[in-house]
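In structure tokens, the next block holds one chain alone, the form predicted on its own.
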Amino acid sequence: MSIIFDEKKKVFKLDTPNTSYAFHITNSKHLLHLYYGKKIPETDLTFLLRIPNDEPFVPATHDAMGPHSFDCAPIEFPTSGVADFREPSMQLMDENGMSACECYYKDYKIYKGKKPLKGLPATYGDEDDVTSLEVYCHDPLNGLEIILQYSVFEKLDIITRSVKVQNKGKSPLELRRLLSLSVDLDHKDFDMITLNGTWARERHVERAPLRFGKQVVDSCRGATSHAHNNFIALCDHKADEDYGEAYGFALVYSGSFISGCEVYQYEKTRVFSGINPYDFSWHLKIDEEFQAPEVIMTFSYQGLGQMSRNLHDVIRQHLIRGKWKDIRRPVLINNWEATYFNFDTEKLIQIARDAAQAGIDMLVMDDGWFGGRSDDTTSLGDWYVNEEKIKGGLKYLVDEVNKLGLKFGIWFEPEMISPDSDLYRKHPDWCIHIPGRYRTTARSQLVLDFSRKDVRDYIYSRIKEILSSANIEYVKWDMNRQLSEVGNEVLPAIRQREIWHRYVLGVYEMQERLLTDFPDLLLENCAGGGARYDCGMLYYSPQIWTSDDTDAIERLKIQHGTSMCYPCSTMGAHVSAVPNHCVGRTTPFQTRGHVALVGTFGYELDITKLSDEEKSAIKEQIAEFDKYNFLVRSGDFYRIGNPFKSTRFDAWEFVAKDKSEALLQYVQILKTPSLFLHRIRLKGLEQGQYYRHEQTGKVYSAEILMNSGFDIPNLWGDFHSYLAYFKKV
């Protein structure tokens, strides 16, 4: 069993193939964390607690614990107001205005498989994949029932955690905070890794030593945000890609979040993650419940690379769903950077004709096809085809594109409304707003109130009608601003602070309806580029637009950072025109193709303006995509270079799960004079085996490739790239 309960020692122990996680029930019915790390055989682990019993000047509670102070105990589910002065997982307000709450153990249940989380995305698995544990706790004073939820993936080094609360008391309660995860680790000697940035510069890696106090990344924007991602990692100070201990924590949620660490006075570290308590509350009537989102946890003693591969595996195998989970996705061409708003039926068919000749699979019509939309100031919410642009109607356009041999996709921004729109003039109360307060716009738009069922139902009906009117096989779902002035005129005052979370639940419901009604649809999420790149969105869409910055050199950093948590198969990546529209940089066509090959692969340019040589290069790039996509989509990913540390090069590698093949990709960022050939050590090959380099036919031992390395040919000039493919002989 991967989960056991030692009745004598009162210890729960959760084992993955290489890791163990353990916690203990005290005599006072409290839960104390014992261990999370490399796999161990023992269950008699209470000696690991190391709690002082004579600590001065801090309240000591519950004599049955020792007596010990809560303030130095590694509490499995810490609560507010009861002598633990560190970051709590739960806080509430009762009818008397009291905010203290407690968590006492009652019972447990271990079972095979994994239950879904109501209304929320979560990992999944059957009885052969997962064993789950529910620990039933309560607060006897207010009647709150607390269910701690754990799942262990039998074949992966992955554990998930969540929590659900139910009001079984005699009066309503107001939930002020419910974090999904809290883990107390036994020392403070960690670096914390976060993924930070802004628009067009998302998920840049920042690594810094922990210090005393709280180190937090968060969003109070109603979405994950460009600024911070809701994944964090902790690792040894000397840990690198291949060596050292590393913990990874990924929140399966797409709204406001908080994730961070607190190093407290006893030189230990509390890690926490969940819904941001900023401006949040949830009114729990008697018998009502609230489900927190899930956190995916992993531990690696083989460096950051293995931490990432653990997360990649669980996301690909047990989070992404549907038809497109494990198959080749179409190579698409999007007209946005080709035309922006300046297009019509004739222009799109011209693009489709040239795209078909180049071997591209799909044309995607981006923003500007609906209402009176000719720029970004108008018509969001008016989801009716603009037949002055789309002459002959949408079905005619789609049919003509299909006749050319291409699939057809379309862009929506369902969560937004323009003040200059028919929908807003008819329903000005449908946006998120505070009555009487100024309505702040961003990109000339407001946010529709997806906490309201009537709003969701109307918008969904318009989307469904459009998708049902023609053979549309792909949707790009965009979201170009975050939430402000959060309120509405529907919910009572006591439930107004629920809108933040209800909005996210509404988005999830909408995307679930979409996939239910159109199960063959390929959905790609987007949020001003990568502002909502998280595990919550990946439950609904197998790919996310990684960034609006498509420059190949900038994408090295963005894709490197994204890969810390998220598999390459999820990264929307396109070859775009030069000079690049974000940074003005000119890079070789081959390099743009090699960088985009890391992700879903497609084109973001006006193919009708390309030279014959470039059109021929597209055919060659698509042939490379077809050859290597299975390996990229399903293989193990190894980061070899680091564009945050070197301006000379970046390199990465994909290795098949059975070690039968490997693909090395290299980008020379800035050419350095007077150097020998750059020798790159490969990773992940099968020792004792030999590999043939496809381009030269030369055979190398795995040992020579991994211990000495492979010479990259001399590349002349900045921004050039090289690809090397190896097959086991």
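Residue numbers run from 1 along the displayed sequence. From a predicted model like this one, the values you see are computed outputs, not experimental measurements.
Form predicted together with a small molecule: not shown, discussed below.
Just one of Thr269, Gln306, Asn480, Thr345 comes within 4.5 Å of the small molecule in the predicted bound form, counting any heavy atom, and that one is Asn480. With the partner removed from view, the residue among Cys137, Ala355, Cys526, Ala223 that has a non-hydrogen atom within 4.5 Å of the small molecule in the predicted bound form turns out to be Cys526. Contact check for Tyr264: every heavy atom lies farther than 4.5 Å from the small molecule in the predicted bound form. Using a 4.5 Å cutoff between non-hydrogen atoms, Arg532 does not count as a contact of the small molecule in the predicted bound form. For Trp545, a non-hydrogen atom is located within 4.5 Å of the small molecule in the predicted bound form, even though that partner is not displayed. Contact between Lys476 and the small molecule in the predicted bound form is found at the 4.5 Å heavy atom cutoff. In short, of 536-544, 451-459, 364-372, 513-521 it is 364-372 that has heavy atoms within 4.5 Å of the small molecule in the predicted bound form.
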